[in-house]
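Here you get one chain, nothing else, as structure tokens; it is the form predicted alone.
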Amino acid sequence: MERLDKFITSRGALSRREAQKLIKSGAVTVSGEVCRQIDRKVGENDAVCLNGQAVGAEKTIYIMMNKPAGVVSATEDKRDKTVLDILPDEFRRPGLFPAGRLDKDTEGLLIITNDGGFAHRMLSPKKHVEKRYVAELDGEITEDTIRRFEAGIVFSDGTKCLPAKLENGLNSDKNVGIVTICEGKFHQVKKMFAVCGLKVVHLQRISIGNLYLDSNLPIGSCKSLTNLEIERIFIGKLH
């Protein structure tokens, strides 16, 4: 048995505060009767409905996380904390996974979902979905560095990256690069700069497609995304 507000939160994309507001408004029924008690104890056998719709039916959800450094983009890991381990209670539910990955020490935009079809669509090389990163470097970006990124960086093992866009950071800071790629090879951004003799000292993903990291979302925090926001991912491509 669990509190009514927690029951609703753990089975949908609502925050605890949103669930409590709806309960108090009379939008929730338990076994056919309106219930305004947020701390009412309910269980799996109780028929809980929100605006006439059964709570608990599986639905696709999308969560934006401002991933901190030090956690891995995985559902479980024996050595390190995962992004699911740090997920706030109001977002926790079965079936969630990170759509794509960010390196352990990379921060920024990560989407957590239970929608496998969406993840496949976003990660498919054929879709050419742009990912944009801000990279702080131990040296300066030159015109040659920019040209090499545009031509497609080749790693020492012969792996060739697709053409990428590299720009100087805010106020033309040559020690900060804004990188736009449309693939996701292992440690790709760091390895691309390494080929050019530069080391990445800090890396943050700021956008996927036309969906940007919320600048008001603190590191380690999350927010729910609507279907319309998710569709922004598929607007705007390099190719």
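One-based numbering along the sequence shown. Since this is a predicted model, take the numbers as computed values, not measurements.
There is another form of the same protein, the form predicted in complex with a small molecule; it is not shown, and what comes next is about it.
Using a 4.5 Å cutoff between non-hydrogen atoms, Asn114 does not count as a contact of the small molecule in the model of the complex. Using a 4.5 angstroms threshold between heavy atoms, Val189 counts as touching the small molecule in the model of the complex. For the chain shown alone, Glu130 is not a contact residue for the small molecule in the model of the complex, no non-hydrogen atom being within 4.5 angstroms. Contact between Asp103 and the small molecule in the model of the complex is found at the 4.5 Å heavy atom cutoff. With the small molecule omitted here, the record of contacts in the model of the complex names 181-189 of 40-48, 27-35, 181-189, 209-217, defined by a heavy atom within 4.5 Å. For the residues Ile61, Met64, Leu203, Cys196, the 4.5 Å heavy atom test against the small molecule in the model of the complex is passed only by Leu203.
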